[in-house]
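The form predicted alone is given below as one chain in structure tokens.
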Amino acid sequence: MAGNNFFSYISSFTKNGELEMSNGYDIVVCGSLVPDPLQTLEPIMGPQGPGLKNEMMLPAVLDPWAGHALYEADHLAKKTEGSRVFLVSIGPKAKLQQLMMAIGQKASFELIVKDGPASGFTDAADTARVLAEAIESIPGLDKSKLLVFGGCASASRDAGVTMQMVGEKLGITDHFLAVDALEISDSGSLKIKERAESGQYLLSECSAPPALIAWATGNLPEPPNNPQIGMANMRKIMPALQQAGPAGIESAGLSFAEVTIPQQKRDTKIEKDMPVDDIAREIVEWIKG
């Protein structure tokens, strides 16, 4: 389904009956940096609350699920004339600048930054509020053409509710979660393929934007680096980083008693010629204990 013909151009008919191209979408992707998962992450309790040991020194990557959302948005914008793509990020400006040097070469977008924490110890409601305010501030935003993309989960802020809260704060009621495919019909309706339980898919149709789409893996591979796209993006990315205001995430009333790495437990027992049923019964008893 991810072939070149997967997306259709959106079109409408003029009064004369001639085919007229749509003026595209405003596609806003919510996503930020997360520590490289190949690094050892050690939570600590600092004077400002919980965090990661040497967090500012850890190499960062774009959140994997947000990456799928960004690549799908870029693909849709290329297929739909007149579309704009925005990446809204909350994170430390210095770390985001390093990340954008790499991500900016993979897709065309305009960056909107809020300088704030990017850890997993922030409240989902506060994060959603800041993201929604940043989206509302986009110049010339047309909500009748708005598609809000994001990840169905996050490698740091995986509360599982952030994207839905963003949609509600923006007045968007059509939410689609864990999406693997999006198709635009000739009439302009959105056909969405969502993951459901037991390996099944839920097929939905939305007549028109606005809509919120939280992506799972999508259908697209990570794009190769394109220095020309990177140079064009950096002309807008650097001013956006320099002008980024504070996120204002206070998380008032949120407290953590302790942050630790889950303890590993290993019990070993060696038995010869033990029946399978007995093995299963002992495993169940061990889990219950």
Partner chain sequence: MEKILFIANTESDGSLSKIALEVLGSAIELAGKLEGSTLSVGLFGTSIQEAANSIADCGAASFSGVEGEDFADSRYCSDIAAVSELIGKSEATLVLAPANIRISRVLPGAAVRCNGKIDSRISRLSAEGGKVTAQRWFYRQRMTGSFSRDTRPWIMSMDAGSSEAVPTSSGTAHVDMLSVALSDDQKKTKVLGTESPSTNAQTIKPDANILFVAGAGWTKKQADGQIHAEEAEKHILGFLEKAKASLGSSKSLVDQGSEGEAVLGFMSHLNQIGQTGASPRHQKGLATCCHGEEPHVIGWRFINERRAVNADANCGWAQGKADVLYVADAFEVMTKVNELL
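Residue numbers count along the first chain shown, from 1. Because the structure is a prediction, the values reported are computed rather than measured.
Not on display, but discussed next: the form predicted together with its partner chain.
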Checklist entry - So which stretch, 78-86, 115-123, 91-99, 134-142, is the one near its partner chain in the predicted bound form (non-hydrogen atoms, 4.5 Å)? => result 115-123
Next on the checklist: its partner chain is absent from this chain, but in the predicted bound form, do 52, 65 and 180 each have a non-hydrogen atom within 4.5 Å of it?
Outcome noted: yes
Checklist outcome for this item: Note: exactly one of 111, 159, 130, 184 sits with a heavy atom within 4.5 Å of its partner chain in the predicted bound form, namely 159
Item to check | Contact assignment for its partner chain in the predicted bound form, among 224, 262, 47, 246, heavy atom within 4.5 Å | outcome: 262
Item to check | 4.5 Å heavy atom contact, residue 231 to its partner chain in the predicted bound form | outcome: no
Checklist entry - Quick one: does residue 105 come within 4.5 Å of its partner chain in the predicted bound form, counting heavy atoms only? => result no
Item to check | Partner contact for residue 254 in the predicted bound form: its partner chain, 4.5 angstroms, heavy atom | outcome: yes
Next on the checklist: Please tell me whether any heavy atom belonging to residue 176 falls inside 4.5 Å of a heavy atom of its partner chain, as the geometry stands in the predicted bound form.
Outcome noted: yes
Checklist entry - Within 254-289, which residues have a heavy atom closer than or equal to 4.5 Å from its partner chain in the predicted bound form? => result 254, 255, 256, 257, 258, 259, 260, 261, 262, 264, 265, 266, 267, 268, 269, 270, 271, 272, 274, 276, 277, 279, 280, 281, 282, 283, 284, 286, 287, 288, 289
Checklist outcome for this item: The CA atoms of residue 36 and residue 266 move 3 Å or more in the predicted bound form, ending up closer
